[in-house]
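Just one chain is shown here, as C-alpha coordinates, and it is the form predicted on its own.
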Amino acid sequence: MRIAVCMKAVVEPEARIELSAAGELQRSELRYELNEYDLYAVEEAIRANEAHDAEVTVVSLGTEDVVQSLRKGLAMGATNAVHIKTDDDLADSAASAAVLAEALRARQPDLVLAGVESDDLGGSQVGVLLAERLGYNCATMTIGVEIPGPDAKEVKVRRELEGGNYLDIEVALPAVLTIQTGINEPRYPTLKGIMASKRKELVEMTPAELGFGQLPAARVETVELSYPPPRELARMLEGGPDEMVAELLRLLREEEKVL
(Lines give C-alpha, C1' and ligand atoms only; values in the text may rest on other atoms or scores of the structure.)
Protein backbone atom coordinates (compact mmCIF):
# COMPACT_ATOMS: atom_id res chain seq x y z
CA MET A 1 0.00 0.00 0.00
CA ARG A 2 1.22 3.47 -0.90
CA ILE A 3 0.27 6.33 1.43
CA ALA A 4 1.00 10.01 0.85
CA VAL A 5 0.72 12.70 3.52
CA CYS A 6 0.32 16.34 2.52
CA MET A 7 2.08 18.63 4.98
CA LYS A 8 2.31 22.36 5.44
CA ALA A 9 4.83 24.48 7.32
CA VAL A 10 3.13 27.26 9.28
CA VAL A 11 4.51 30.20 11.22
CA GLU A 12 5.23 29.35 14.85
CA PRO A 13 2.48 30.75 17.13
CA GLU A 14 4.98 32.67 19.25
CA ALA A 15 6.65 34.32 16.24
CA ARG A 16 6.36 38.10 16.09
CA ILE A 17 4.32 39.20 13.08
CA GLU A 18 5.48 42.53 11.63
CA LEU A 19 4.25 44.56 8.68
CA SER A 20 6.22 47.04 6.60
CA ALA A 21 5.10 50.64 6.11
CA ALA A 22 3.42 49.46 2.91
CA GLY A 23 1.46 46.80 4.81
CA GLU A 24 3.51 43.86 3.54
CA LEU A 25 4.36 40.90 5.75
CA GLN A 26 8.00 40.88 6.88
CA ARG A 27 9.03 37.25 6.37
CA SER A 28 12.74 37.42 7.12
CA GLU A 29 12.39 36.86 10.87
CA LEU A 30 9.57 34.30 10.77
CA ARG A 31 10.13 30.76 12.02
CA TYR A 32 8.14 27.81 10.74
CA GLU A 33 6.97 24.50 12.16
CA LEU A 34 4.87 21.54 11.00
CA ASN A 35 1.15 22.25 11.00
CA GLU A 36 -0.38 20.49 14.02
CA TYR A 37 -3.22 18.82 12.09
CA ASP A 38 -0.72 17.38 9.60
CA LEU A 39 1.32 15.97 12.47
CA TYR A 40 -1.58 13.65 13.33
CA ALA A 41 -1.87 12.67 9.67
CA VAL A 42 1.83 11.71 9.58
CA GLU A 43 1.44 9.61 12.73
CA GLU A 44 -1.58 7.79 11.29
CA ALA A 45 0.34 6.98 8.11
CA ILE A 46 3.34 5.68 10.05
CA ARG A 47 1.08 3.42 12.11
CA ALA A 48 -0.25 1.98 8.85
CA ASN A 49 3.35 1.48 7.75
CA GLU A 50 4.15 -0.45 10.91
CA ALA A 51 1.02 -2.60 10.64
CA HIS A 52 1.00 -3.30 6.92
CA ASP A 53 4.48 -2.43 5.62
CA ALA A 54 3.10 0.56 3.72
CA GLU A 55 5.23 3.04 1.82
CA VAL A 56 4.74 6.52 3.30
CA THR A 57 5.65 9.64 1.31
CA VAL A 58 5.39 13.07 2.92
CA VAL A 59 4.78 15.91 0.45
CA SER A 60 5.00 19.65 0.97
CA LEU A 61 4.69 22.71 -1.23
CA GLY A 62 6.53 25.94 -0.47
CA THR A 63 9.85 27.63 0.13
CA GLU A 64 12.92 26.18 1.86
CA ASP A 65 11.05 26.76 5.14
CA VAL A 66 9.13 23.50 4.60
CA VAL A 67 12.26 21.29 4.57
CA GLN A 68 12.48 21.13 8.37
CA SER A 69 8.90 19.83 8.53
CA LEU A 70 9.62 17.23 5.85
CA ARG A 71 12.70 16.09 7.77
CA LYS A 72 10.54 15.74 10.89
CA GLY A 73 8.15 13.51 8.95
CA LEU A 74 11.10 11.37 7.83
CA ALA A 75 12.45 11.23 11.38
CA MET A 76 9.05 10.06 12.64
CA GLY A 77 9.22 7.15 10.19
CA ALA A 78 8.09 8.23 6.73
CA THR A 79 9.77 6.35 3.87
CA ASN A 80 10.60 9.33 1.63
CA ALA A 81 9.73 12.98 1.06
CA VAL A 82 8.87 15.30 -1.81
CA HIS A 83 9.49 19.05 -1.73
CA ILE A 84 7.78 21.11 -4.43
CA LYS A 85 9.86 24.27 -4.37
CA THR A 86 8.32 27.72 -4.81
CA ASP A 87 9.71 31.19 -4.28
CA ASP A 88 6.76 32.19 -2.11
CA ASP A 89 4.01 30.57 -0.09
CA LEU A 90 0.83 29.71 -2.00
CA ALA A 91 -1.95 31.00 0.23
CA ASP A 92 -4.64 30.05 -2.28
CA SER A 93 -6.14 26.59 -1.59
CA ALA A 94 -7.15 25.92 -5.21
CA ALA A 95 -3.65 26.65 -6.52
CA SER A 96 -2.03 24.53 -3.80
CA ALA A 97 -4.34 21.58 -4.51
CA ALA A 98 -3.68 21.79 -8.25
CA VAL A 99 0.10 21.58 -7.81
CA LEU A 100 -0.04 18.89 -5.11
CA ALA A 101 -2.35 16.78 -7.28
CA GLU A 102 0.14 16.72 -10.14
CA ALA A 103 2.95 15.74 -7.77
CA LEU A 104 0.88 12.86 -6.39
CA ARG A 105 -0.58 11.70 -9.70
CA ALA A 106 2.69 10.12 -10.84
CA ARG A 107 3.03 8.21 -7.54
CA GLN A 108 -0.57 6.95 -7.59
CA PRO A 109 -0.99 6.58 -3.83
CA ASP A 110 -3.76 4.31 -2.58
CA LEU A 111 -4.46 6.66 0.33
CA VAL A 112 -3.77 10.36 0.82
CA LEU A 113 -3.90 11.89 4.30
CA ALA A 114 -3.96 15.59 5.12
CA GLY A 115 -4.80 17.65 8.17
CA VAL A 116 -8.38 18.93 8.42
CA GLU A 117 -7.08 22.50 8.24
CA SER A 118 -3.97 24.61 8.66
CA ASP A 119 -3.13 26.54 11.82
CA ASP A 120 -2.57 29.75 9.89
CA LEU A 121 -5.46 30.07 7.40
CA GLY A 122 -7.90 27.40 8.57
CA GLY A 123 -9.63 27.09 5.21
CA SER A 124 -10.22 23.30 5.33
CA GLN A 125 -10.24 23.23 1.53
CA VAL A 126 -7.00 21.71 0.24
CA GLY A 127 -7.89 18.11 1.11
CA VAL A 128 -11.28 18.09 -0.63
CA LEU A 129 -9.99 20.05 -3.64
CA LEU A 130 -7.11 17.59 -3.93
CA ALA A 131 -9.55 14.65 -3.96
CA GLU A 132 -11.55 16.34 -6.72
CA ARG A 133 -8.39 16.90 -8.79
CA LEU A 134 -7.27 13.28 -8.40
CA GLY A 135 -10.73 11.79 -8.84
CA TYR A 136 -10.44 10.08 -5.42
CA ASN A 137 -13.14 9.42 -2.85
CA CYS A 138 -12.96 11.74 0.13
CA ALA A 139 -13.93 11.72 3.82
CA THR A 140 -13.42 14.75 6.05
CA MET A 141 -13.07 15.24 9.82
CA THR A 142 -11.61 11.74 10.23
CA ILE A 143 -11.17 10.72 13.85
CA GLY A 144 -10.54 7.01 13.25
CA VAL A 145 -9.07 4.87 10.44
CA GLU A 146 -9.00 1.08 10.16
CA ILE A 147 -7.08 -0.50 7.27
CA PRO A 148 -7.99 -4.23 6.97
CA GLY A 149 -4.71 -5.22 5.31
CA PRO A 150 -1.96 -4.28 2.84
CA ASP A 151 -4.16 -5.19 -0.16
CA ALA A 152 -7.30 -3.48 1.19
CA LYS A 153 -9.79 -2.14 -1.33
CA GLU A 154 -11.53 0.06 1.24
CA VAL A 155 -10.91 1.54 4.68
CA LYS A 156 -13.20 1.91 7.65
CA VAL A 157 -13.46 5.53 8.75
CA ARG A 158 -15.00 7.26 11.75
CA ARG A 159 -15.98 10.87 11.08
CA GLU A 160 -16.55 13.50 13.75
CA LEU A 161 -19.88 15.31 13.40
CA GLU A 162 -21.47 18.21 15.22
CA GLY A 163 -22.77 17.89 18.76
CA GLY A 164 -20.36 15.15 19.83
CA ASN A 165 -21.74 12.64 17.31
CA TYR A 166 -19.79 10.27 15.05
CA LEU A 167 -20.43 8.51 11.76
CA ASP A 168 -18.82 5.17 10.82
CA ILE A 169 -18.47 4.60 7.07
CA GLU A 170 -16.48 2.52 4.59
CA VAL A 171 -14.55 4.41 1.93
CA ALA A 172 -13.37 2.71 -1.25
CA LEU A 173 -9.74 3.26 -2.23
CA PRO A 174 -8.12 5.30 -3.62
CA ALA A 175 -9.22 8.01 -1.22
CA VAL A 176 -8.27 11.24 0.50
CA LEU A 177 -8.92 11.54 4.24
CA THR A 178 -8.63 14.81 6.16
CA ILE A 179 -7.42 14.03 9.68
CA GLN A 180 -8.74 15.61 12.87
CA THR A 181 -6.62 16.19 15.96
CA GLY A 182 -7.04 13.59 18.70
CA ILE A 183 -7.10 10.62 16.32
CA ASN A 184 -3.80 9.44 17.84
CA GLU A 185 -0.86 10.63 19.91
CA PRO A 186 1.96 11.73 17.57
CA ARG A 187 5.34 10.34 18.50
CA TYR A 188 8.48 12.35 19.13
CA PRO A 189 11.28 11.60 16.68
CA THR A 190 13.99 9.53 18.35
CA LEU A 191 17.70 10.20 17.92
CA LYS A 192 17.87 7.05 15.80
CA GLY A 193 15.00 8.32 13.66
CA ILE A 194 16.61 11.73 13.26
CA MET A 195 19.89 10.19 12.14
CA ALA A 196 18.07 7.80 9.77
CA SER A 197 16.11 10.69 8.22
CA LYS A 198 19.34 12.16 6.88
CA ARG A 199 19.83 9.06 4.73
CA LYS A 200 16.27 8.95 3.40
CA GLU A 201 15.33 10.33 0.01
CA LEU A 202 14.08 13.92 -0.22
CA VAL A 203 13.09 14.64 -3.81
CA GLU A 204 13.04 18.26 -4.92
CA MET A 205 10.98 19.43 -7.88
CA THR A 206 9.45 22.61 -9.19
CA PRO A 207 5.95 23.40 -10.48
CA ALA A 208 7.49 23.75 -13.95
CA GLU A 209 8.60 20.10 -13.81
CA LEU A 210 5.00 19.18 -13.07
CA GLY A 211 3.78 20.89 -16.21
CA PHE A 212 3.00 24.35 -14.85
CA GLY A 213 4.50 27.04 -17.05
CA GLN A 214 3.35 29.39 -14.34
CA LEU A 215 1.60 28.78 -11.06
CA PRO A 216 -2.21 28.59 -11.20
CA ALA A 217 -3.88 31.96 -10.76
CA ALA A 218 -5.04 32.58 -7.21
CA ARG A 219 -8.79 32.68 -6.70
CA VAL A 220 -8.46 34.42 -3.35
CA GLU A 221 -7.11 37.96 -3.28
CA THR A 222 -5.46 39.45 -0.21
CA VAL A 223 -6.85 42.97 -0.06
CA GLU A 224 -5.00 44.28 2.96
CA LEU A 225 -2.95 43.26 5.98
CA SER A 226 -3.18 45.40 9.10
CA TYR A 227 -2.61 45.24 12.84
CA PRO A 228 -5.65 44.79 15.10
CA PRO A 229 -6.92 48.12 16.46
CA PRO A 230 -5.52 48.95 19.91
CA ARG A 231 -7.76 47.81 22.73
CA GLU A 232 -8.97 50.08 25.49
CA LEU A 233 -7.59 49.67 28.98
CA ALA A 234 -9.38 47.28 31.31
CA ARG A 235 -12.25 48.76 33.27
CA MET A 236 -12.20 48.02 37.00
CA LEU A 237 -15.55 47.56 38.72
CA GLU A 238 -16.07 48.85 42.25
CA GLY A 239 -18.54 48.15 45.03
CA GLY A 240 -19.87 45.01 46.62
CA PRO A 241 -20.40 41.68 44.78
CA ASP A 242 -24.04 42.42 43.94
CA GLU A 243 -23.18 45.88 42.63
CA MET A 244 -20.31 44.62 40.50
CA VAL A 245 -22.44 41.79 39.02
CA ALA A 246 -25.21 44.25 38.16
CA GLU A 247 -22.76 46.66 36.54
CA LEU A 248 -21.07 43.85 34.61
CA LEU A 249 -24.40 42.67 33.20
CA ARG A 250 -25.27 46.23 32.21
CA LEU A 251 -21.96 46.63 30.37
CA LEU A 252 -22.37 43.33 28.53
CA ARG A 253 -25.94 44.17 27.50
CA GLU A 254 -25.77 47.87 26.73
CA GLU A 255 -22.19 48.58 25.69
CA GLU A 256 -20.65 45.32 24.47
CA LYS A 257 -24.02 43.97 23.30
CA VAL A 258 -23.05 40.33 23.79
CA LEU A 259 -26.06 39.38 25.91
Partner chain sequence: MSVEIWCIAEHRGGVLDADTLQLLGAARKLGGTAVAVVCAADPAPLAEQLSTSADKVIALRHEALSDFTPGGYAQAIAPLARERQPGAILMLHSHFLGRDLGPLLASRLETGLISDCTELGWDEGLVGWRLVYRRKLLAKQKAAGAPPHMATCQRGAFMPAEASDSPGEIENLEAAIEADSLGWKVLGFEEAEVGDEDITEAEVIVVGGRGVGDQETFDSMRELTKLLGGALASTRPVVDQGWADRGLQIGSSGKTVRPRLYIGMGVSGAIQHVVGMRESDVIVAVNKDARAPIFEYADYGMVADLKEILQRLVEQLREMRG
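Keep in mind it's a predicted model, so treat the numbers as computed, not measured. Whichever C-alpha set is largest while still superposing within 1.5 Å between the two forms counts as the rigid core. Numbering follows the first chain given and starts at 1.
Form predicted in complex with its partner chain: not shown, discussed below.
- For the candidate set 219, 198, 31, 192, a heavy atom within 4.5 Å of its partner chain in the predicted complex is found for exactly one residue, namely 219.
- In the predicted complex, residue 144 stays away from its partner chain, with no heavy atom inside 4.5 Å.
- When contacts are judged by a 4.5 Å heavy atom cut-off, residue 152 does not count as touching its partner chain in the predicted complex.
- In the predicted complex, its partner chain sits within 4.5 Å of a heavy atom of residue 128.
- In the predicted complex, residue 225 approaches its partner chain with a heavy atom inside 4.5 Å.
- For a residue to qualify, one of its non-hydrogen atoms must sit within 4.5 Å of its partner chain in the predicted complex; none of 22, 106 and 209 qualifies.
- Contacts between stretch 150-171 and its partner chain, counted in the predicted complex as any heavy atom lying within 4.5 Å, involve 156, 158, 159, 160, 161, 162, 163, 164, 165, 166, 167, 168, 169, 170, 171, listed in sequence order.
- The Cα position of residue 231 differs by 2 Å or more between this form and the one not shown after fitting on the rigid core.
- With the core held fixed, residue 27 shows a CA shift of 2 Å or greater between this form and the one not shown.
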